[in-house]
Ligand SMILES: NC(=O)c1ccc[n+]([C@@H]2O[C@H](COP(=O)([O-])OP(=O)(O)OC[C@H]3O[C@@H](n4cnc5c(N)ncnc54)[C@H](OP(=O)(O)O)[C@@H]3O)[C@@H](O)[C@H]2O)c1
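Only one chain is shown below, in structure tokens, and it's the form predicted alone.
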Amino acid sequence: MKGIITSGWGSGTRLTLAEVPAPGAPGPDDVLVRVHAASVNPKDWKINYHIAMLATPLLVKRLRPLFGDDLAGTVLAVGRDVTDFAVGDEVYGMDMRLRTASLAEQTRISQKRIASKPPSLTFAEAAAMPLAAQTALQGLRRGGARAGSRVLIIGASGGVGSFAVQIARAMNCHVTGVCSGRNSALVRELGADEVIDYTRGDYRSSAGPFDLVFDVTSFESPRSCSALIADGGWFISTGGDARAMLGTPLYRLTGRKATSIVVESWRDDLETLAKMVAQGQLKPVIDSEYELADADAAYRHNRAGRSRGKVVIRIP
């Protein structure tokens, strides 16, 4: 079958379309999926870029060479212990155990990590959701978001941010989004009550206070955002950057509430998101779509940091 393999590390990372071994029959708890679409996440290239440069290329050598986490597709076969899915079912999900290897024509995945695809979404739209939307959902929960909470979302127009704005709105929070001026209208359309254009000055000393500061860019730290956080409020980061990864634990030692979210894929959360889609509360924002052979270009586009919503890769 055809799939995307990765080679190199740091700035030498390259994604190449190649003939790769098929995944074979599913294990007892697994399903074999014909992948129709996948999506790009910074987590993929940050592992090969930032973490590899901070640690060692040996870490990257331990990862599966096939790339990709999110998937949407059709079940081809099921393991003997799978009872909730059947051949022909349309599913979506991901598996954070190293990589899902979804940038390929087929992959195996645990039945615990997938759910039925929201019927109103295309495969491309469904593939945009698993990692980013679950990160948003789990981050808001961890930060105690609830009706009436004042929530600041830094990076509100990106993949995680565009979902976080919509989910926080559905929770009846008061939502403020931080983005560039060119994306202000989009963030308001997604449900933000207020929008801050970060290009107009340093808002970190003048806005707030907020019950939850949710930094989905990973570029901020609890210290840089301390003036934004209300007494008893939370700072939540998606991690992946040295400032957030190192600064958040140190801040927590002072007795204040801060953590980094490590997303997990669970069927319950995927089903929660699917219900929100059905109720008109959640809709993926698609920045652009690429063919499988152009995966390297898709990741270069994502690394530029200007994506509005998600970058999706179609798998013919």
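Don't overthink the numbering: it's just position in the shown sequence, from 1. None of the values given here were measured: they were computed from a predicted structure.
Below: the form predicted in complex with the ligand, not depicted.
- Although the partner is absent from this view, R306 contacts the ligand in the model of the complex, with a non-hydrogen atom inside 4.5 angstroms.
- When contacts are judged by a 4.5 Å heavy atom cut-off, Y198 counts as touching the ligand in the model of the complex.
- Taking the partner from the other structure, the ligand in the model of the complex has a heavy atom within 4.5 Å of a heavy atom of K43.
- Using a 4.5 Å cutoff between non-hydrogen atoms, F219 counts as a contact of the ligand in the model of the complex.
- Within 4.5 Å of the ligand in the model of the complex, a heavy atom is found for none of G139, V175 and S265.
- Comparing 84-92, 225-233, 182-190, 114-122 against the ligand in the model of the complex, the single stretch with non-hydrogen atoms within 4.5 angstroms of it is 182-190.
- This chain lacks the partner; the member of Q166, T135, Q106, S149 within 4.5 angstroms of the ligand in the model of the complex by a non-hydrogen atom is T135.
- Among the residues L32, I261, A274, V285, the one placing a heavy atom within 4.5 Å of the ligand in the model of the complex is I261.
- Residues in 78-95 all lack a heavy atom within 4.5 Å of the ligand in the model of the complex.
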